[in-house]
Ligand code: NDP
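Just one chain is shown here, as structure tokens, and it is the form predicted on its own.
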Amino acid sequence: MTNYAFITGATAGFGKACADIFAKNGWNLIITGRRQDRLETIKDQIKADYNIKVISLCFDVREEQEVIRAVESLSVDITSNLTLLVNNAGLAVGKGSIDSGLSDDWNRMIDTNVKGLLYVTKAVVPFLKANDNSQIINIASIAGKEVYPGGNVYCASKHAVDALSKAMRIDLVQYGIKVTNIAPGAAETEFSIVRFKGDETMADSVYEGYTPLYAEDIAETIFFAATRPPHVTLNDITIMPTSQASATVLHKK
């Protein structure tokens, strides 16, 4: 049976593009997200386009019991072939100085980007340990390498992802589980729409004057990392648009 990839946050952006490229290359999928209607639409489209199996699980990664119930609902024939976890679900909410921050925004970022990643990983790791050539790919950010003005809590949450990737690698090496940390720079997805709470003018301004990364760029990198030979692990990949030199240095025309 073809192996399964478990992809969180698969209803948009990196997660959806990731589901597409793995399906195109014959992987079976477990796709997750909070938006049931969009999740089912993507599931139906992928099944129509590719001859693979797709399982959809609707839950919020911030809710540990929802995560546990969803993962426990998977049958043995699926979990015995689950070899890849892509921890993609994440978000930024708000951008401003620490003294003007909203605790609700902080909680959403920490609960999703850090605690959600932990809940899903803990639930899925037992299957990865039991299956050969398994891997975890965590989607971090350039914000997990550098701190920029107004980024405070989002940067802290992605620094945590970077650290957790290193910790997972140490904890799981004895089981032969690869752990890859992927840190994208500026990428045009729903990211800025969410960050600026639906303000499309603000979101669009982030990508003016240069060519950003696109979701497909990151999905291709994820797929490449997931398909290296068993003895090869890409530990940490930072991906930037050519016009971006650091978190804060962009060449705009």
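All values derive from a computational prediction rather than experimental measurement. A residue's number is simply how far along the shown sequence it sits, counting from 1.
FYI, the form predicted in complex with the ligand isn't displayed, but the following is about it.
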Seminar exercise, completed: In this chain shown alone, the residue from 28, 189, 56, 221 with a heavy atom within 4.5 Å of the ligand in the model of the complex is 189
For this session: Report the residue, out of 164, 82, 140, 109, that has at least one non-hydrogen atom within 4.5 angstroms of the ligand in the model of the complex.
Result: 140
Exercise. Are any of the heavy atoms in residue 10 no more than 4.5 Å from a heavy atom of the ligand in the model of the complex?
Worked result: yes
For this session: Would you check, heavy atoms only and a 4.5 Å threshold, whether residue 35 touches the ligand in the model of the complex?
Result: yes
Exercise. Hey, in the model of the complex, is residue 119 touching the ligand, heavy atoms inside 4.5 Å?
Worked result: no
Problem set entry | 4.5 Å heavy atom contact, residue 46 and the ligand in the model of the complex | no
Exercise. Among 179-187, 70-78, 98-106, 128-136, which stretch has residues whose heavy atoms lie within 4.5 Å of the ligand in the model of the complex?
Worked result: 179-187
Problem set entry | Stretch 214-253 - residues with a heavy atom within 4.5 Å of the ligand in the model of the complex | none
